[in-house]
Structures are given as structure tokens and as C-alpha cells.
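Single chain ahead, written as C-alpha cells, the form predicted on its own.
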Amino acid sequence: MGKSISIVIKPVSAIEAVSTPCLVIPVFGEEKSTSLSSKCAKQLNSVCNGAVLALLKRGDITNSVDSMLLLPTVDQIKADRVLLVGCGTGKNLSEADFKKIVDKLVKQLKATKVKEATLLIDELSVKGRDKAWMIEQLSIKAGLIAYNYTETLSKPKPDTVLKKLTLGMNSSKALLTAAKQGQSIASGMNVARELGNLPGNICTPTYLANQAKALSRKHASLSTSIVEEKKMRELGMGSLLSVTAGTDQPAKLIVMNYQGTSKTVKPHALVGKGITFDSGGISLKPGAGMDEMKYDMCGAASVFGAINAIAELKLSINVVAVIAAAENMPSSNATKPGDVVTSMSGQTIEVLNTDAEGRLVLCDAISYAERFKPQSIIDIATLTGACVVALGKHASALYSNEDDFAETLLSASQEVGDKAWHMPLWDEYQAQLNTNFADMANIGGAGGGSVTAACFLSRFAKNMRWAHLDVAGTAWDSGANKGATGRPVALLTKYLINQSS
């Protein structure tokens, strides 16, 4: 589930002597130029008696970042095949162009079905980024192609053959660290993708609890405990329990503790929304597209992925993960619109819409996480369709009760390329949650739906350094490429890497 691809960094001698199933050579130069600026492309051209330059002049390969050409055999060298990759100018590439190049080349390597490949990309540079950043991005992209969903397929596609990438450059501690971090981020994203893609009849709250226990058995630094519904009642978690009232599947509050440093160091907390299927409850969703509500636990899945990543990296940090796992179904026992419930914090909530259930489980999970006295707390949830309307699929919505905390998370998101956007959390929006019959309503009307959802959660995090990530637009893709994306595992992991000692 948490697969990754091995990354090796070592210098390469003469091109003709490199023995590899596939040798990746960048081709770059001035725009629309038919001359070679890449040293390794020049070397290959020399060895092959001008063949590369001839291909360039003929237009079979160009300097464009959209260009790529696979040479199945090249007699003059030891490599079995050569992949020529257009890399623009090669120097001071934009982050977007570099990612496009990497994405295309790893997909081509997958399609070529080679077990190993050697990449000569040392000449490339990205504006404002160092080689470590480039290697981390490459490691992430390569690791993501290792994932292949098979669980419910009678005839699954074969696993990716590619197992190892060798980067032809001088090694250093910084580069090795970057490769390892990229591998672990990809591994964590693949964990999240697998959990998200599983159907709701398999990935139940109990299944998630068992996966947390299995993860703890895998890593000595992890311990897991499960709060059952009986204990939830004793703790006064009436808000969380109101969501699970209509289903036969018992809710689980999953608590994973990662200890990477002294117990005296306060942990960072991650809180994940784990609605394993969301029918909307009595406020039933439209039937079209309801199958995608298996992805309503992708916030929880991203927490699993981040915990897996930091455990692999053995970070010197303490982290507590709290996952509110429940199923939202309609029945004679289900919570009704207009019902009033009491949260663990003692605040009462009028449930005006049972399809606004994510905030109802999260508020009690946030209150529970407070007992660990965390340095910071981040909740992650596929919370609102309004977030998708506002930001589409490219950026997660970021809210925080401390602007400097939001900036820290934004910096991590930009560093790793898992984009987020800082949204407003102004007092003016809080009034939309007013009701005559409880301390607050669980919805705030048609306007600013993602904002009022964050405002709701902020009322339960007043004493904490808190942030909220609404990932309804980024956690999965629809259409022909339907599937969980693994976001925002990279953002969360990079934040925790930056916080570790």
C-alpha cells in the first residue's frame, strides 16, 4: 500500500559505458533552436555519429518540455534504450515546467516497463530551487507511479515494473535526505490513496481502526488506542454520536501516538475527518455522484499517510493523530434536521442539515485532541462543496486562528508543491451560525459555506494554535481518472519535517 521506488545517487562516467535498461538524456537549448546545449546530449551525439542532432533538426525531438522520444536501441552504447526528454532552456526552469518534465518522463518509464533507469539530469536547474528540491520532487513523482489499485478487481492491471532510479550526479547528505523524504512522502500519499479508493463496504470505521493498529505493529514509534461509542457517551461526545446514530456501523475515535523524541516535548496534533460513507443522512444527497462519497474519509486517509511518512523518516518530533471515523446513513434512528445535540465541549448545536456532518464529528475530535496539550493542531477534512466552488481542484482551503501559523503551513505547501490558499476567518461570518434554539447551528446559509464551516470549527479550538484544511476539491479526482490523490499528505509531512528537531 505504501509503495515507493528506490532512488540511488551516484556519478556517471562515460555515457557509452552506462549499463542500464533505460538511459534518460535531457535535450535543451534556446527556444526553437536546433543546436544542442546539453553536455550529455552532445556526448551521446558524438558517440552516435551525429544521430541526436539529426533527430533534433528533423523535429523528431525538440527542446520543448512537451517533447519526448524513446530510442528502443542504440548500438554504440551499453544502455538498452535511450529516452530523450525535451527540457526547454534547461536552466532556470519554472517549477511548473520542471514538474511537467518529471511527470512525463516517469509516466513514459512506466509505459516502457523497465525495472531500472538512469537519469542524467544534473545539468538542469530550477529558478529559486536547489538540487535537493528537484530530487525530492522527482522522488515523489516516481513513488506515485508505484501505486496500483487492485483490491476489488478480479483481473487487476500488473504492478509497475519500475523499481529503481539512478540519478547520475555526485551524492551528498542533503541530496540523500531529499530523496528519502520524497520517497516517504510518496509512500504516505499511496497509503492515503489506497484507503480513499476502497469502497465503503470494505473501508468502514472498524476497518480504519484495524489499519491504525496494523500501522502501529509496523513501527515501534507508534502506538494506537481506540475510543469506542460507550466511552464517547461517557465523554459527552453527543455531536459525533449524532452522526453515527443512523447506521449499524459503530463509530471509532482512532488515536495514534507517534513518539520520536522525549515525552516531555509537546506533540503536534492532526485531526482527520473519517466519514467512510456519506449519504447525507436524512438530508439525503442527490443520487448522481453519490458513489464518490466513499472519499469523504480522505481527511482521515491523509492523516494515515502523514503518520506513515514521519514514521518511515523517524522524525525527531511527537505527533498525536485523532481520527473521527463514522458512517452517515438515514434510518429511523438517524438525527433529524432541527435536533439539538451537545458536544464534548458542552456547547449545544442545532443540526439544521444532517449533510453538514463532518464538522459535527470534527468538533468533538478537536476537543478530545486538546487533552494532549498540542503545540499545534491541524484538522483535515473533505468538508464543503463550497470550497470546490471557491478554489476548484488545484488548492486546498487553509484557515487558521493565527496568521503566522497559516503562513508557516503555506510555506510548507509551496516548498513541496501541495498548494493551499489562505482563506478569511473573520468575525463577520460567525453571525451566520446564530440560532434561537442552541449555541450555534451547524450550517451558516448559502453564502461563504466553506468559511462558515471553518468558523464553526474555530469555536472548539479557541485555546489552541489551530488550522483547518478543507480538501474537498483536492483529495480526489472525478471523471475518467477517478481516484484519491493522496493530498494533502505532502503538505502535512513537509510541515512536520520542518518542525522536527
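Note that this is a predicted model, so its numbers are computed, not measured. From 1 onward, residues are counted along the sequence shown.
We do not show the form predicted in complex with a small molecule, though everything after this point is about it.
Considering only heavy atoms, tell me if Phe28 and the small molecule come within 4.5 Å of each other in the predicted bound form. It does not: once the small molecule is placed as it appears in the predicted bound form, Phe28 has no heavy atom within 4.5 Å of it.
Tell me, yes or no, whether Ala386 is in contact with the small molecule in the predicted bound form, where a contact means a heavy atom of each within 4.5 Å. It does: once the small molecule is placed as it appears in the predicted bound form, Ala386 has a heavy atom within 4.5 Å of it.
Are any of the heavy atoms in Lys294 no more than 4.5 Å from a heavy atom of the small molecule in the predicted bound form? Lys294: no, not in contact with the small molecule in the predicted bound form.
Could you tell me if Asn353 has a non-hydrogen atom within 4.5 Å of the small molecule in the predicted bound form? Asn353: yes, in contact with the small molecule in the predicted bound form.
Considering Thr382, Ser239, Thr244, Thr276, which brings a non-hydrogen atom within 4.5 Å of the small molecule in the predicted bound form? Flagged contact: Thr382.
Between Ala41, Cys455, Ile443, Ala467, only one gets a heavy atom within 4.5 angstroms of the small molecule in the predicted bound form; which residue is that? Looking at the other structure, the residue within range turns out to be Ile443.
Report the stretch among 180-188, 317-325, 354-362, 85-93 that approaches the small molecule in the predicted bound form to within 4.5 Å, counting heavy atoms only. Partner-contacting stretch among the options: 354-362.
Counting only non-hydrogen atoms and a 4.5 Å threshold, tell me whether Ile9, Arg129 and Trp133 all contact the small molecule in the predicted bound form. No, none of Ile9, Arg129 and Trp133 comes within 4.5 Å of the small molecule in the predicted bound form.
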